[in-house]
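The data below hold one chain only, encoded as structure tokens and taken in the form predicted alone.
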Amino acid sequence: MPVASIKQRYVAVTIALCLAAAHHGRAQQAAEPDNHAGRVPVISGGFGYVHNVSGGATSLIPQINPVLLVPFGQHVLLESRTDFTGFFERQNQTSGPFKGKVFKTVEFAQLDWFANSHIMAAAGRYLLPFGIYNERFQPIWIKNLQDAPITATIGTRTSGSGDGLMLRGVATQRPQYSLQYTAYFSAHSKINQLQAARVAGADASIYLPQARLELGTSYQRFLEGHRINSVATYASWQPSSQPFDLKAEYDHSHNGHGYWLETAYSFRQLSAPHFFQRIQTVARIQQFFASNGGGNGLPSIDTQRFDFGLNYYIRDDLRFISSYGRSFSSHTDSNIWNIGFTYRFLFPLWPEKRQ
């Protein structure tokens, strides 16, 4: 079903799962010294297929994102995600045989050290924590709409990942609220599969558990070539009384600024046959306003877009996806169709052993 928690940041989820498993392992160890539960490496991730028609041109996009999690004791975790995406389109766009290739990208490969609930240090390749989309909702099995927002490239140059150091944690936590922070520095890299730009930035947010509301902001300084600042503000809300999800973000950089707002609603609480309770509707509106000619992955002209999606969950880990979008600009208007499926998987690399 839709992401169940406002704090569904992908890295945070893996941290929480591994810490919970480690805590369970420590509790069991007192009574059963030979039980090593919680210290078994796992393979996770998802795969799917999207049939895309944009402006009359058809693209076939299969994708798989394996995730490796390897805990070392109670405080160290190795995590990595690799993206394999095929992109095949007709030779003449609207006619002819399909041709293309499979692209491979190492999205993150980092070593995490959990000092305590206030500090986690990561070294290696990590997802740039700018805004709410790149780090939390980009995986194929999480996002409700398969096309990224127009402004998703703001703050994520050049590859969406950084190579360097990152600190994050909970600055303070109270029953009424909690404050989270992230700070990072990335070095320049041209190494194959590890490309990154020299950037520094930070992210901070406040989470209100009773309202299930999060408000946050991100800042980044691009430290090579034409040095620019990028800023984002975002919100995420999932009321406990309804299966409703709202996310919104505003991004600003030298190349332009814009916003997107996305809502999703699941029918699971409706008094209806079981078939209809597995339906999810999604809608997104967005606008982008170009500055200085756009570029760096952004349109060169002002653009507006509306998307509507209808997803059906066969199981919690398997769903059919579909969406229709309409893009408007002074250059051209176009329709965008997506249909396909996604599957989420998780299994240990080897079974737990007891002495």
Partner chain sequence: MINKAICLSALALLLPLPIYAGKAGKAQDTNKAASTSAQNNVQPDAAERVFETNCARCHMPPSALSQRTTGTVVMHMRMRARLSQRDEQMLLKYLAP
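These figures come from a predicted structure and were not determined experimentally. Numbering follows the first chain given and starts at 1.
The discussion below concerns the form predicted together with the partner chain, not included here.
S.K.: Give a yes/no on whether V67 approaches the partner chain to within 4.5 Å in the predicted complex, heavy atoms considered.
M.R.: It does: once the partner chain is placed as it appears in the predicted complex, V67 has a heavy atom within 4.5 Å of it.
S.K.: May I ask you to state whether L346 is within 4.5 Å of the partner chain in the predicted complex, using heavy atom distances?
M.R.: L346: contacts the partner chain in the predicted complex.
S.K.: Given that the partner chain is not shown alongside this chain, does G164 nevertheless sit within 4.5 Å of it in the predicted complex, heavy atom to heavy atom?
M.R.: So G164 does not count as contacting the partner chain.
S.K.: So, A283 and the partner chain: in the predicted complex, are they within 4.5 Å at any heavy atom pair?
M.R.: Yes.
S.K.: Y207, S271 and D316 - do all three of these have some heavy atom no more than 4.5 Å from the partner chain in the predicted complex?
M.R.: Per the other structure, all of Y207, S271 and D316 touch the partner chain.
S.K.: Report the stretch among 229-237, 186-194, 97-105, 148-156 that approaches the partner chain in the predicted complex to within 4.5 Å, counting heavy atoms only.
M.R.: Going through the listed ranges, the match is 229-237.
S.K.: Can you work out which of F87, F276, F84, Y181 has a heavy atom no more than 4.5 Å from the partner chain in the predicted complex?
M.R.: None of the other options qualify; the answer is Y181.
S.K.: If the cut-off is 4.5 angstroms on heavy atoms, which of these, N296, S54, N292, Q287, is the one near the partner chain in the predicted complex?
M.R.: In short, Q287.
S.K.: Residue by residue through 154-177, tell me which have a non-hydrogen atom within 4.5 angstroms of the partner chain in the predicted complex.
M.R.: Contacts from 154-177: R168, G169, V170, Q173.
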